[in-house]
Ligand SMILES: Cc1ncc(COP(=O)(O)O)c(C=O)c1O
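This document opens with one chain alone, in C-alpha cells, the form predicted alone.
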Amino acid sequence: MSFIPLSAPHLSGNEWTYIKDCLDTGWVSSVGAYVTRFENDLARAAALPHAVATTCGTAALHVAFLVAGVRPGDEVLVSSMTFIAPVNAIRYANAVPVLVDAEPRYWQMDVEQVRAFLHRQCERREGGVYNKQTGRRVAAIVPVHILGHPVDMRALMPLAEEFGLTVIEDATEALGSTYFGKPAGGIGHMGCYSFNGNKIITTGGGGMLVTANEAWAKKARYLTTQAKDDPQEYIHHEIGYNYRLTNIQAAFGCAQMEALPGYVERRRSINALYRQHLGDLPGFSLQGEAEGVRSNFWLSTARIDPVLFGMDARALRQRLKDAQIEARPLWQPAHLSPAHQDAVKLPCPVAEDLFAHCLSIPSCSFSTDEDILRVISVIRDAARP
C-alpha cells in the first residue's frame, strides 16, 4: 500500500534545467539572474511593483516589521490560530504579540475582535495608538491567511487606516488565492510568502516580501544583505541580516511559479472531490469559501464533531495513519504556547475549538483521484454507521 502524504513538493517542470544552468554558469549564491526573475515573478503574482527575496518566510516577516517601523516594546496584532512563525517574528523585532481569535465560519482572524480591541482597549495619543492597559504603542496588524483562505481584508484595511496601523499580510499559505480579485499578499501594506517544502510551491526553503512602497522595498533589500553601505570597503551603518535567497533556490522557484496555476487548480479539484464524497457525513465539516474568496486550498481541512462523526479528530488521524495516509491537526494556538505566555492574549475560544477538532487531509497537487478516493474511503469507513 503506497503512502499518501499531506502536502509534499510537486516537481513537474523546469527545476532540473534551471538549477543545472546555475551549476553550469557558476551562479549559485545570493546573486544571479534567477533571483531577479523570481522576484519579478512574485511581484506580478501579487500585482505589486516590488518584491524582495529572503531565506524564508519568517525572515520576510521579520524584515517587514523593521521596515514598517515596529519598535522594541510595540504591540502587533496577529492571529493566534497560526503556525508559530509570525508570532516568533514579532519577537525578533523585540515587539509584543497581541493574539487575536479566529472567526467561527472561515477560521480566519476575527476582525470584529480587532475592532473591539482598538475601540475599547486602546486610546489615541501623540505618536500613535496605545493599549490603555499596558501603555504600549500598537504598531501593526498581521492577518494570517491560514490554509489558503484570505482574512476579511475589506473589513480590516479601513480599520487599520482609521487607527494608522501598518498591515503586513502573512500570505505564506495563500499564494495563488484571491480576495475579490486581488491576490492574497497584495492587499495590505506589505505581504510575505513562504516556499517551505510543504507549501503550494517550494524552493526547498525561502521567502518573499512584496510591497507597493518603493522606499520600503529598498530598505528591505538593504537589511537583508547585511546592510552594506559600501560593499568594497565593507562599511555598515546599521545592523543587517544574511537573509538573501540563493540563485539556485530562486531557479527552483522560477520553475515552480510556471506550474503554480495548475497546482492551484489541482488542489481546488481535490477539495471538490472531498466535498462531493464527504459533504453528507454528519460531523464532518470542510472549511468553506467566503464571498469573493478563491482559495488555493493549500490544505483541505475539516472540523470533526466527535459525537456526530463517531470519533474525534486525533482518532481519525490515527485511523488514516494506519492506512498509510498522512493527516495532521491544526497548530497549537499561540495563546496556548508555552513560548508566548507573556504575550497580550485576547479571548480565543474559537481557536481552541479548531485546535481540538480540526484535521487537515491529503492535498498534494500530484495526488491522483485514486489517492483521494482512498482517503475518502477510509474516512467514510471510520464515520459512525
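Heads up: residue numbers just count along the shown sequence, starting at 1. Note that the structure is predicted; figures quoted are calculated from it, not measured.
Below, we turn to the form predicted in complex with the ligand, even though it does not appear here.
Inset, instruction - Spot the stretch among 307-315, 286-294, 121-129, 164-172 with residues whose non-hydrogen atoms come within 4.5 Å of the ligand in the predicted complex. - result: Selected stretch: 164-172.
Inset, instruction - Find the only residue in Thr246, Gln113, Asn196, Thr178 having a heavy atom within 4.5 Å of the ligand in the predicted complex. - result: So the residue touching the ligand in the predicted complex, by this definition, is Asn196.
Inset, instruction - Using heavy atoms only and a 4.5 Å cut-off, determine which of Phe117, Phe83, Tyr222, Tyr263 is in contact with the ligand in the predicted complex. - result: The option sitting close enough to the partner is Phe83.
Legend entry - Partner proximity in the predicted complex: Ser360 to the ligand, non-hydrogen atom cutoff 4.5 Å: Answer no; every heavy atom of Ser360 is more than 4.5 Å from the ligand in the predicted complex.
Inset, instruction - Please check if Cys348 has a heavy atom lying within 4.5 Å of any heavy atom of the ligand in the predicted complex. - result: No - in the predicted complex, heavy atoms of Cys348 and the ligand never come within 4.5 Å of each other.
Inset, instruction - Determine whether any heavy atom of Gly206 comes within 4.5 Å of a heavy atom of the ligand in the predicted complex, and answer yes or no. - result: Judged by the heavy-atom cut-off of 4.5 Å, Gly206 is in contact with the ligand in the predicted complex.
Legend entry - the ligand contact in the predicted complex: Val52, any heavy atom under 4.5 Å: Heavy-atom contact with the ligand at 4.5 Å: absent for Val52.
Legend entry - Within 120-158, the residues that have a heavy atom no more than 4.5 Å from the ligand in the predicted complex: Counting only heavy atoms within 4.5 Å of the ligand in the predicted complex, the single contacting residue of 120-158 is Val144.
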